[in-house]
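In the block that follows, a single chain appears as structure tokens, in the form predicted alone.
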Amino acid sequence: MSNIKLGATLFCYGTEYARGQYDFEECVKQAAEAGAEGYEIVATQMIPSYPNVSEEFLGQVEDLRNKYGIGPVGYGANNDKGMMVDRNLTDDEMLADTIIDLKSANKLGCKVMRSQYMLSPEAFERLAPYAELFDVKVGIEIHNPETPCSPTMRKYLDVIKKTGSKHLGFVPDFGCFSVAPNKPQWIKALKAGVKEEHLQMAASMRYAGVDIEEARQKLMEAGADPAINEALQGMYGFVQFKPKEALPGLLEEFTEILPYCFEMHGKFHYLSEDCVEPSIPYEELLPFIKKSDFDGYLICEYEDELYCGGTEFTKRQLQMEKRILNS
């Protein structure tokens, strides 16, 4: 039987934070008021002394835990291969950076660290003894356009099985289960002058698996506004979607990696007033997880592509998750 705890990443409030409307304390306060039982901190965004955690910041985290009743449960690592101007970081350098992240996650009391697949499977394997030393479980994020058992993710699954380490696993991002177009990109395209019929045409071609260049050509021949290209690129990029008929297959893949999932990211791009995410099938996903043996945090994560702030949407997301899980 599952034991699902609901949290929020402070990244949800990234727009408010970047504009200076919220400071770190206000982000924690808003997460608590929205109903989060814990929060993920994206290290590069909100730790002033990154990659290290200062005693001053640690003290602030503890003060806020006492004040608002929640603390950090997940640590979002960076894994940036492109920090050098002339080359990518080597596996040794990526591993060294990730070990520093592990140390910081441990200092903050986080039991889970979300990593990214810029950390190679080979470096991930070498990370196991360090994750065990610091007692922090490291999950590779499964992010759209990857799926739970896509070829890239299978390489990490092979490492997890090979090492047998209980500290290596996954953090699936629910965007990888998308079965409809991204609502914010659709809204932005309409505002830019793109006709609804041309967006529908683009979505139909994406569902059918038409190559992006062929789709672009057909849209231009149909007289589509060139502004459609941004939405089209998203449909074939990091906000891909599959037909609803593909969902059973995706859930079957999900079943295979579920025993190795330490945390999950409840991605949402948009929520209507009735608390529905139009592109991600939460009504199917959450009951599926509820019936499993998953024990951990479901961290809601808002991608603010409309730059309208995440305060209200995060409240709606947590309300939606509670409704489905309690039904």
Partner chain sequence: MSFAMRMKLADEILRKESVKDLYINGEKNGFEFDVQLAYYRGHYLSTIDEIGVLLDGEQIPQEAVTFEINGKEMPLYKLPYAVTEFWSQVEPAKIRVLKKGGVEAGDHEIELKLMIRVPYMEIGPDHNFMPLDCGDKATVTFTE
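Quick caveat, the model's predicted, so the values are computed rather than measured. Positions refer to the first chain, counted from 1.
Keep in mind the form predicted in complex with its partner chain is missing from the figure; the text below concerns it.
*Asks:* In the predicted bound form, do Y68, S292 and R323 all put a heavy atom within 4.5 Å of its partner chain?
*Replies:* Judged in the predicted bound form, none of Y68, S292 and R323 sits within 4.5 Å of its partner chain.
*Asks:* Taking the partner as it appears in the predicted bound form, which of 264-272, 30-38, 43-51, 59-67 has residues with heavy atoms within 4.5 Å of its partner chain?
*Replies:* Result of the contact check: 43-51.
*Asks:* How about M220: is it within 4.5 Å of its partner chain in the predicted bound form, going by heavy atoms?
*Replies:* Flag for M220 set to no.
*Asks:* Is N78 a contact residue for its partner chain in the predicted bound form, using a 4.5 Å heavy atom cut-off?
*Replies:* N78: contacts its partner chain in the predicted bound form.
*Asks:* Taking the shortest heavy atom distance, is M84 within 4.5 Å of its partner chain in the predicted bound form?
*Replies:* Yes, contact at 4.5 Å.
*Asks:* So, in the predicted bound form, is T152 in contact with its partner chain at a 4.5 angstroms heavy atom limit?
*Replies:* Residue-level check for T152: no, no contact with its partner chain.
*Asks:* Determine the residues of 9-24 with a heavy atom within 4.5 Å of its partner chain in the predicted bound form and present them in sequence order; the list may be empty.
*Replies:* Counting only heavy atoms within 4.5 Å of its partner chain in the predicted bound form, the contacting residues of 9-24 are F11, G14, T15, Y17, A18, R19.
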